[in-house]
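In the form predicted on its own, a lone chain appears below as structure tokens.
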């Protein structure tokens, strides 16, 4: 059943409407949200596949699944990361306020609608600049509660962030603060859909549902993820401007000193820099957009014997 979550009138005589698909009834309840950033489309595939699968196999569903495919529908329709009317990052407006501006009102209504769920999965993609392997990002303050749930999601990596890196104005932080366990998934790249990643997460969602007692159909086994903290992650940044050409393969293991790619100057034909891995480990983030400037993030590597 399609339900309206929020409706706000716009100046052009139309309304901004956020809807969800509710499947099943009763408890437990799982919320799957995506589309907070209009340029992150990986979650659209997951929402579509999960919607169809649950409708076609409703006899196996015990409880309620709420699917919110577009928290920022104007951003998705205009391929804009933020909300187009105010150029605001929607994931910096939570928990919102019913007496606030449009973005705050929408945030408050979403919070009211999701709060109380047994679990929430907040699906993001990377931006247009970086490609990410499928991962769950968790605040260290909620790790004890969330890591056991995240292990069911079939992601390659669980990255436990230090508290200082977690923004309190995000949907996930706000929901976790009021007792609704919320897992942030990040995978792929902006403005693209990686179907293999979507299928991987779909299996993980069914696995989590089975764990919660919501799904009684067979679920393929999920692979145990790597669990890491900030201290195990090394960053590689550009030391100069130019065009980046990668030579290492994203999602593979690299060795210390191995070439990751080069920064070239198309005008002179020079190679301005050769970038190498500072550690042995998993190359889980790699620059996708080729134009770089000094300081641009090129790669993140999870160190250790992976």
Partner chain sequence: MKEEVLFTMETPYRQPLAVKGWFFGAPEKKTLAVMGALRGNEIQQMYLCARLIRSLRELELSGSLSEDCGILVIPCANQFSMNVGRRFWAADNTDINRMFPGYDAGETTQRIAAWIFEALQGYTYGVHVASLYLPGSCLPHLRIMKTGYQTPETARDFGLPYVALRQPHPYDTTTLNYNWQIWDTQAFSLYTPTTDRIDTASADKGVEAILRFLQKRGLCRCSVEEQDKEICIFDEEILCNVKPEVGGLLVHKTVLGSRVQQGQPLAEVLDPCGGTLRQILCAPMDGRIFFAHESCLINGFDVALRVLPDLK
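All figures in this text were calculated on a predicted structure; none of them were measured in a lab. Residue numbers count along the first chain shown, from 1.
The following text describes the form predicted in complex with the partner chain, which does not appear among the structures shown.
Mapping the unseen interface onto this chain, residue 6 falls outside it, with no heavy atom inside 4.5 Å of the partner chain in the model of the complex. Residue contact check for residue 243: one or more of its heavy atoms lie within 4.5 Å of the partner chain in the model of the complex. Contact between residue 86 and the partner chain in the model of the complex is found at the 4.5 Å heavy atom cutoff. Residue contact with the partner chain in the model of the complex: residue 297 places a heavy atom within 4.5 Å of it.
By the 4.5 Å heavy atom rule, the three marked residues 49, 51 and 123 all fail to count as contacting the partner chain in the model of the complex. The stretch in contact with the partner chain in the model of the complex, judged by heavy atoms within 4.5 Å, is 100-108, chosen from 100-108, 194-202, 114-122, 179-187. Residue 272 is the only one of 276, 62, 250, 272 with a heavy atom lying within 4.5 Å of the partner chain in the model of the complex. Within 4.5 angstroms of the partner chain in the model of the complex, the stretch 9-26 places a non-hydrogen atom from each of 9, 10, 11, 12, taken in sequence order.
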